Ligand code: AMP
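First, one chain by itself: the form predicted on its own, in structure tokens.
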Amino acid sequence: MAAISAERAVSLIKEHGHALGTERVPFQEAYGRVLREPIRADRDFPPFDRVMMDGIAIRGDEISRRVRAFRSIGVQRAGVEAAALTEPGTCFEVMTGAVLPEGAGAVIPIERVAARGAEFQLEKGYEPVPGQFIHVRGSDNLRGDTLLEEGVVVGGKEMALIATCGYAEVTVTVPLEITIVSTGDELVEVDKIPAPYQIRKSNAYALAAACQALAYPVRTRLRHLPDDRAFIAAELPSLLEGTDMVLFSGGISKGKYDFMEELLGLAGVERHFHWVRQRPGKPLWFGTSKGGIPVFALPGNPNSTLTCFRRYVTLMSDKMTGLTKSHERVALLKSPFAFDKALTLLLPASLEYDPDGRMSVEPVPPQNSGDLTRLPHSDGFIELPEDQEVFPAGFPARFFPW
């Protein structure tokens, strides 16, 4: 099968996958979940003419008549019904957040008046404006307006709106279940001493951590398979059940013991692509099971595994959870860079900000796709297109944080 472009791989991934189910949860448990219903205003916002400053409330017509002295007839504090301001030359002492007294047309900040008992005198030279420091009812939103669209992750600011609108329960996406399968006889557990020809298992744990770093809840299940064709074939049916997505690490290139493509086909997983014109991660494989479960077989080199997860797997997980916000950003190359292969380059880079606040990146090239030690020195990777060889300083590159 011929290698496809990175953009074509993205397109094919977006064509597959299905939305996960939803559940109703108490709003206090919605934090960190993907919202799956719109949040609408149950009343006008603000719901009343609201005082915006501590001070005094006066009648609007007295501004035009240039009245400078006022007598307090009471205090309008927050949380009580509006009193009426009718008598000329009078005012109410008001607090931020209180309902505006009926008949009031402006609020004078306490810093602009001199108080002597119940008498208030405007500061010399201060000229109030009708309507000042009044948050007018419905000026932010009207009842029935959509304040939050579905597809956002519920954070603190979203929680505030949900609570304000009286949603005691909300609909969110159920947690995503991902099965992570490492392969290879060369891998041993972290607490073991590897033989000279072995290495400790790391990709599976890196992928599990990457899943936990996603914007929504993910439950992971880890398995390891030896390089045994019969054993893998026997295990595949159970691995493809009771999960929302399966990630394989290794066994997908052209080696004699790379069985995954053949065995996935025999297990009824439909291949949508294998081989992508990119570095790292050219052997990337993607398909779906008979039940529609997305299956990714990621190249086994550590750099390739994490990069392909971040660039491609998260596209699918975002779609399944209903997330609408893209992770992709654009950063400017701090230094020129050249790459003469007809491949999309996914290049680790460190993130910087110049004095003007613009985001720039400095490449942190690994020795090769198996170079794990340099990745912690990067903040993510940039994507440089395959149809260009020279990238000058200031080139706007897609940036994907780890």
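Residues carry their position along the shown sequence, with the first being 1. What you see is a predicted model, and the numbers here were worked out from it, not measured in a lab.
There is another form of the same protein, the form predicted in complex with the ligand; it is not shown, and what comes next is about it.
- [ ] Consider R279 of the chain shown here, and say whether it contacts the ligand in the model of the complex, taking contact as heavy atoms within 4.5 Å.
- [x] Close contact is absent here: in the model of the complex, R279 is far from the ligand, nothing within 4.5 Å, heavy atoms only.
Open item on the list: I'd like to know whether R310 contacts the ligand in the model of the complex, with contact meaning heavy atoms within 4.5 angstroms.
Closed with: No, R310 sits far enough from the ligand in the model of the complex that none of its heavy atoms falls within 4.5 Å.
Open item on the list: I'd like to check something about E150: if you look in the model of the complex, is any of its heavy atoms closer than or equal to 4.5 Å to a heavy atom of the ligand?
Closed with: Result no; E150 lies far from the ligand in the model of the complex.
Task: 4.5 Å heavy atom contact, T183 and the ligand in the model of the complex - done: Output for T183 is yes: heavy atoms within 4.5 Å of the ligand.
Task: Stretch in contact in the model of the complex with the ligand, which is absent here, among 298-306, 103-111, 81-89, 131-139 (heavy atoms within 4.5 Å) - done: Checking each option against the 4.5 Å cut-off leaves 298-306.
Open item on the list: So the ligand isn't shown here. In the model of the complex, which residue out of E235, E177, D228, D258 has a non-hydrogen atom within 4.5 Å of it?
Closed with: Flagged contact: D258.
Task: Contact residue in the model of the complex, from T96, T164, T171, S202 (heavy atom within 4.5 Å of the ligand) - done: Flagged contact: S202.
Open item on the list: Using a 4.5 Å cut-off on any heavy atom, which residues of 232-253 would contact the ligand in the model of the complex?
Closed with: Sequence-ordered list: S249, G250, G251.
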